[in-house]
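Listed next as structure tokens is one chain, alone, in the form predicted alone.
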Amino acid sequence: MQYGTAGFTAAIAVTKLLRQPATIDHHTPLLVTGATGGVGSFALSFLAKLGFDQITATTRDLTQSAYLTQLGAAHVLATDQLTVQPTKLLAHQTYTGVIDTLGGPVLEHLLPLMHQDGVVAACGNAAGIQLNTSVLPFILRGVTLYGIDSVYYPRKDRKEIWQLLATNFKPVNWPTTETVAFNQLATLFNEATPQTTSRTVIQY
């Protein structure tokens, strides 16, 4: 139950990146946005378990940098750093693979930064649902944009994902998890803050 929907979604996103073996190896630059969130933290830990060593993670709160480094990030950026410059149609090729949990203007700024034949797995909209972009990253650099939908993921493929979660993807360093009793939920909700990064398993 530590994985939950977030871990399952992150695993699907990682499999999309792994489908591009010609351009993605263990030393290519990857990016995980919103990495302190559920999907982001699991994606980061899965990629680290697989041996990727050039992962950049973004967060709104740089005080969480040590936590993200523990999960496997080689570099940590403030999310605002991705959107501080005006959007270009094409920019310096920076990332080969991206797992984006934010969407909106963050994804808009990321697409022009993708390497030739790069892959973006979009699985969230915490920064917004609108996407203003151009076709140039797709037709001049061959970028692939995957949408990740865990709700209607085919039954025939779910077994494969859960098998990966039990084996190849199983983290060395897990995202922080706490277990609370069902009758403690009211107290937990009252004490929770927007900066909370831990996963919570409810024990009934």
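Keep in mind that this is a model prediction, so the values were computed, not measured. Quick note: we count residues from 1 along the sequence shown, nothing fancier.
Keep in mind the form predicted together with a small molecule is missing from the figure; the text below concerns it.
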| So, G38, R60 and I148: all three within 4.5 Å of the small molecule in the model of the complex by heavy atoms, or not? | yes
| message | For the interface check, one of 163-171, 44-52, 134-142, 148-156 should have non-hydrogen atoms within 4.5 Å of the small molecule in the model of the complex; which one? | response | 148-156
| Is A127 a contact residue for the small molecule in the model of the complex, using a 4.5 Å heavy atom cut-off? | yes
| task | Classify L102 as contacting or not contacting the small molecule in the model of the complex by the rule of any non-hydrogen atom within 4.5 angstroms, answering yes or no. | result | yes
| request: With heavy atoms only and a cut-off of 4.5 Å, decide whether P175 touches the small molecule in the model of the complex. | output: no
| query | Applying a 4.5 Å heavy atom distance criterion, does T5 contact the small molecule in the model of the complex? | reply | yes
